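Subsequent text provides structure tokens for two forms of one protein chain, presented individually as structure 1 and structure 2.
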Structure 1
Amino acid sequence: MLKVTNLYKSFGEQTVLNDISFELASGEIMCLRGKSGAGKTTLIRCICNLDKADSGTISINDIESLENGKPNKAYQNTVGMVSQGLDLFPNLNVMDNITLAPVSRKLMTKEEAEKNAQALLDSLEIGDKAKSYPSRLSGGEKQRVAVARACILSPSVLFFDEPTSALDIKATREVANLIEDIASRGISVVIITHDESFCDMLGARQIVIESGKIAN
């Protein structure tokens, strides 16, 4: 379970997050909405330890995000992110993008990692793209690679920043299926989106951020 308590974050004079608290059960899907500049990305960056909140606490399954003010490794292993830019490694093929982390962290042998990666790719219906470089993939395919790269580490919570902004209706529906599939494995999913119909498609809980607070 993800637990965010009294989170504050300012950039200079501008208060972006002003006392944010919420909880998310395992396997739950939540949509995070709000106007452009409302602080949605900032919120999930803070939860992922990419930005540092000014105050407040964050924990997943009772493991705190920080340890002596520094990112807690045990916590870090429980969060995954599919960022808006996806940030695939362009110099590595799909397989290496997915296996670099588990192999270099010695979580799996190369053979295990490749087997798991191939299974993930197959379930995402891009099993034939393992040897392709990211630049050769379509937007939707890239996104699925980013999902596979995050999922192979079995995070407890997976964050998506605007996963459908570049997709047509058919591809959006595919992403919705994908997210439901992820959630059915017990992974909690937080999705930043502007797209209300996408939230409805998922039947997900929605929270709206406005002036740094949760408005609903």
Structure 2
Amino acid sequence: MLKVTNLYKSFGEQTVLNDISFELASGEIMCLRGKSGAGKTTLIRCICNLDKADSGTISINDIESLENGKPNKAYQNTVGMVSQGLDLFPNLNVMDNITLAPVSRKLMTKEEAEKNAQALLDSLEIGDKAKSYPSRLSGGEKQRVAVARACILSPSVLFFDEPTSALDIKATREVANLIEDIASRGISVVIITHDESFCDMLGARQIVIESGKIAN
């Protein structure tokens, strides 16, 4: 599903990604580990078309990330991201947080977006929170809203950035259950994390990045 081939990226004289290649199957969970500055974030930014690699190719379902050297619009909807800070808009309720992107980008009507958003919220067991504001949600509920927002455009690959940062073991288990549920729907999941025990909890394949190279 996700295929990264011979990816290189430099900033000035510093090589940040050095011949990175890997594949990720549909519904597979993979943990991307490495020290700060190893290249993890740059790799994800390239896969999400936020940065352009110097060379190499990235594709999802055989759709290339670039078309004539520019971001491929058909590719953009195949990726979703749940950031470490979740980045929910505090002035918008849950429904509006989720539907903002598809409606503003004219990918769905307001009615279609709200119907899809409610179905996602129901499936994540927070269907009664549609009109709530982020300040009224628990940490776990906010995480589920962020997942719903990332999934509204039906991505094939979903990225999580340090999803267990500062969480206790109970909350970490809940995040693991959530990720396993997402993967069971056929969505591939990539987790950027320093938490090796969390990767073991998921039984996920692990790729370790060191100095811009895959070390394992």
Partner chain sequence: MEIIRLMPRFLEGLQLTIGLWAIVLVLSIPLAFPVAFIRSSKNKLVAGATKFYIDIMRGTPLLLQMCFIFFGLPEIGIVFERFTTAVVAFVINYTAYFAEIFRSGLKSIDKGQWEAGQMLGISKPVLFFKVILPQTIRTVIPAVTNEVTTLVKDTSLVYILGLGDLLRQGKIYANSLSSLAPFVVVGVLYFIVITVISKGCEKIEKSFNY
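These figures come from a predicted structure and were not determined experimentally. Here the rigid core means the biggest group of C-alpha atoms that line up within 1.5 Å when the two forms are laid on top of each other. Start at 1 and count along the sequence of structure 1; that gives the residue numbers used here.
Q: Could you point me to the form predicted in complex with its partner chain, 1 or 2?
A: Only structure 1 fits here, because that chain is the form predicted in complex with its partner chain.
(Q) Can you give me the rotation of the smaller rigid part relative to the larger one between structure 1 and structure 2, rounded to whole degrees? (A) Smaller part versus larger part, rotation angle: 16 degrees.
Q.
Core-aligned, what does the C-alpha of residue 107 shift between structure 1 and structure 2, expressed in angstrom?
A. Its C-alpha shift, to one decimal, is 4.1 Å.
(Q) Superpose the two forms on the rigid core and tell me the Cα shift of residue 130 between structure 1 and structure 2 in angstrom. (A) Here the C-alpha difference is 2.4 Å.
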